[in-house]
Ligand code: F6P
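Here's a solo chain for you in structure tokens, the form predicted on its own.
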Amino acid sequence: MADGYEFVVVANRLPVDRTTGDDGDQHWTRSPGGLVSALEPILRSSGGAWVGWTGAPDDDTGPQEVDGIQLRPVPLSAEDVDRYYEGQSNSTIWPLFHDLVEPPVHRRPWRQAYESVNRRFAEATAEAAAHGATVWVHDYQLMLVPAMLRALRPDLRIGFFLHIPFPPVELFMQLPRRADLLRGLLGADLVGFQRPHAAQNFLQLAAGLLGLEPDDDRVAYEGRTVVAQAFPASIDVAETDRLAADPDIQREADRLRAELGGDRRLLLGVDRLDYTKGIEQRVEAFGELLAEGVVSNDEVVLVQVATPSRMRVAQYQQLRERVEREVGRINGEFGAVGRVPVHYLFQSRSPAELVALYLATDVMLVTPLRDGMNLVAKEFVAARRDEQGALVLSEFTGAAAELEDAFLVNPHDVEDLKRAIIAALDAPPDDRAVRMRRMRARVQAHDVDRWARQFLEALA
């Protein structure tokens, strides 16, 4: 393995998107996102590689180099995508790890596909890694990879990071083949989580399910020591700040404010269209404020950006129908010609477009029912160089532990949502500035580079 890579990142998706150029040819371009930004310098300097799927079924793309990053694609068939990704990953593990916001679906062929695809990822990684290399595996789609990779390559230093919540013991115990998933994670030397209680849940399971004996933040397993710790993920603060300082983006923010709000105050939600994000409860709360006359269509407007996500999964299709029906009802009941109370955008927005929206906004609504971290909250704070704007933030996000100066809310309680929205709208400018200044200091001091560096130092 002398010709392998000293540092290998393993994730469900490669850090690139396929685009069609002006010449009609297809090209790979680097995906936007904090993880890619944080790891790119390390990949370049260490001669590293990234193992992942291209995002297209039945894609036989071979090894590539894009912007200095070596890519090692793992092909997935349409059936793999259906069973491993949309099935076991997103219809079983995702809802169960998000506190059963929707009921998980358990199917044996999905579990078999998950195991098969995880094995292919482990084999591709074993082939790519140099002797004694460091490997960093990411997220819930690949929880079996650490143990599979350990069996193939015991010489490797293996880290795993879970970007979503890790459930309490009683929920995890509902999973079929639960011990296999736990052993999969125990194949790593370091298992990272967003919050300390998630690491504690993991260690409790190691004791209760496998009979191991954790000691503080570590547990002995198969002659090794496995460490479980929290590393709260963050964003590329410098890039968000750069966009927020761009005069073109500032002008776009002014245009959006005039076009969407006019003389009204602007509430904003930006989420993937996912049942964990609390979009339905948020829209319901705003509708009730209008119905009660607490706010009016002449005073306040809600802009909800819902990025399409997993639309082949039935639960997501049904969620879209419910949200769009409620938005239509509110606009029909409380709107006027040329002036609606809810602007609903079922579309993706570029990072620059999102920053323009953040700058135009009076109150940002980040109210998931459950979220491992939520980076939108941190992006909004990083963008607000003017130290204005207010953040209404769910208590059930990892970000709430860091952004304590937000208007914290229980998103399961529509009355509490209404209270927090009004408190944020009514907060004096001085109060908003003090809150924003403290939150900005926290986000700036704990950016994505520091997150990646702390994880890799702990792994080393």
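The first residue of the shown sequence is 1; numbering continues from there. Just so we're clear, the structure is a prediction, and the values are computed from it rather than from any experiment.
Keep in mind that the form predicted in complex with 6-O-phosphono-beta-D-fructofuranose is missing from the display, and what follows is about it.
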Practice task
Give a yes/no on whether residue 288 approaches 6-O-phosphono-beta-D-fructofuranose to within 4.5 Å in the predicted bound form, heavy atoms considered.
Solution key: no
Exercise for the section: Using a 4.5 Å heavy atom cut-off, state whether residue 90 contacts 6-O-phosphono-beta-D-fructofuranose in the predicted bound form. Expected result: yes
Exercise for the section: Give a yes/no on whether residue 139 approaches 6-O-phosphono-beta-D-fructofuranose to within 4.5 Å in the predicted bound form, heavy atoms considered. Expected result: yes
Exercise for the section: State yes or no: in the predicted bound form, is some non-hydrogen atom of residue 164 no more than 4.5 angstroms from a non-hydrogen atom of 6-O-phosphono-beta-D-fructofuranose? Expected result: yes
Exercise for the section: Among 140-148, 169-177, 103-111, 332-340, mark the stretch whose residues have heavy atoms within 4.5 Å of 6-O-phosphono-beta-D-fructofuranose in the predicted bound form. Expected result: 140-148
Problem - Three-residue site 13, 272 and 310 fully in contact with 6-O-phosphono-beta-D-fructofuranose in the predicted bound form at 4.5 Å by heavy atom - result: yes
Fill in the blank from the handout: Checking 193, 85, 344, 358 against 6-O-phosphono-beta-D-fructofuranose in the predicted bound form, the residue with a non-hydrogen atom inside 4.5 angstroms turns out to be 85
Exercise for the section: Sequence order please: the residues of 424-451 with a heavy atom within 4.5 Å of 6-O-phosphono-beta-D-fructofuranose in the predicted bound form. Expected result: none
